[in-house]
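Next up is one chain by itself, shown in C-alpha cells, the form predicted alone.
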Amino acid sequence: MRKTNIKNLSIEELSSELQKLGEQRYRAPQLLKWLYQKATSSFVEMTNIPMELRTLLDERYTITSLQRVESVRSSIDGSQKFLLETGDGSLIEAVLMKARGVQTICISSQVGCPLGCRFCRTGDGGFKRNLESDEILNQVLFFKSRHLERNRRFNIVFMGMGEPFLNLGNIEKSIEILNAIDGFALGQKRITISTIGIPEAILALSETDLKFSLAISLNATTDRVRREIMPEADDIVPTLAAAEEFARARKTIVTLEYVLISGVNEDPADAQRLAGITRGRPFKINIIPFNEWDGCPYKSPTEENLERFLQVLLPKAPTVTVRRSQGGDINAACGQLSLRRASERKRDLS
C-alpha cells in the first residue's frame, strides 16, 4: 500500500480520512496538535491516541520533514539563512530574522521561480515545481523545533523563493493550518504573503476566511518600467484595484513594496506618481533600498537619492516606512545558496 502524506491533507480531508477509519471527528484536532504544535515525527509518540489507531495511521500515512543542508549567519544583524532539502532532493531557502525582539521566518512557496524579475536572484536558477503544502508547513516546523524561542510570538512572511499565488491550492491549504487553533494558531497580523500581484488570485482570496496580510511587490509607477524589471507583472491599475478590493473586503491595509533601484525607479517624478496612485486608498508604502548581489545589473540607491525620494513622497502619500534588508553580508535574498549548491552538484556529476 502506498502511504499518503498526512501533512498534505486539509483539516476537512483529515477529518474525512479518520471517519473512514471509523474514528470520531475529535481525533482530527488531536492529530493536528501532535503534527504542528508538538512537531511530532512519529505516530508512535502520539500518546493520547489508542495504540491500535496509531498502528493503523503508521501503516497508511507518512510524516515528512525537511533536511538542513547548509546555513549561513549574518555578522551584522544575526539573521540566518538556511538551505533545506525536500524528500525528492529539491533545494529551497528560508531565512530567520529578528527585529525589535520579534522573530520572523521568511519561507518559500516554489522551487525556483518562473517570473524572471530582473532584480531578483531566484529566477536565475529557473523554475522546478510548486511546493506541496507539507513542504511549506515543514519550513515553519523546521524553525519552530530548532530555532524559535519557546513560547514567544513569531511572524511568517511568504517572501522566499517563488510566487505564492502561482501555487494557490497549496498556499490555501497551508494557511488554513497556520490559522487553525489546533495548528499554529497564527492570525492575520502574523502572516504576510508578498506577491507580484495577480489580480484574479487576490480577488479570489479576498472572499475566503483565510487570515493573512497582503503585500504587493509594486516596484514601479509606470507599466513600462514595471514590465522592464518584472516581465510577467500585470499592469498597475488592475493590480491596485484588486488590492484595494482585498483591503475593503477584509477591512485592512495592503502594503505596497517598492524596491528602490538606482537609475530605474528613484526619480522624484516616480515619487510624485507613487503618492498620486496611493493617496486616499487603503495602502501603506514600504520602501526597500535595493540590495546588490554579485553579477546583478542594478545598483543600490545612494542615501542622498533615497532621502530625496522620501522628501517628495512623505508629505503626500499614506503611511511610508523604509525597510533595510537584513543579512546583507550573507546575501539573505533568496537564490544565493541554492544556485551555488546546484552548480556544485553539476560539477560533481561532470
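Given the structure is predicted, the values throughout are model-derived calculations rather than measurements. A residue's number is simply how far along the shown sequence it sits, counting from 1.
Although it is not shown, the form predicted together with ligand SAH is what the next lines describe.
Not one of Val95, Val140 and Asn155 places a heavy atom within 4.5 Å of ligand SAH in the predicted bound form. Among residues of the shown chain, Phe127 is not one whose heavy atoms approach ligand SAH to within 4.5 Å in the predicted bound form. Among residues of the shown chain, Ser194 is one whose heavy atoms approach ligand SAH to within 4.5 Å in the predicted bound form.
Using a 4.5 Å cutoff between non-hydrogen atoms, Leu205 does not count as a contact of ligand SAH in the predicted bound form. The closest non-hydrogen atom of Gly160 lies within 4.5 Å of ligand SAH in the predicted bound form. Contact with ligand SAH in the predicted bound form, judged by any heavy atom within 4.5 Å, is made by just one of Leu91, Val264, Val259, Ile177: Val259.
Listed residues Phe43, Phe290, Tyr36, Phe283 were compared with ligand SAH in the predicted bound form; Phe290 is the one with a heavy atom within 4.5 Å. Looking at 179-187, 69-77, 112-120, 146-154, the stretch with residues near ligand SAH in the predicted bound form, meaning non-hydrogen atoms within 4.5 angstroms, turns out to be 112-120.
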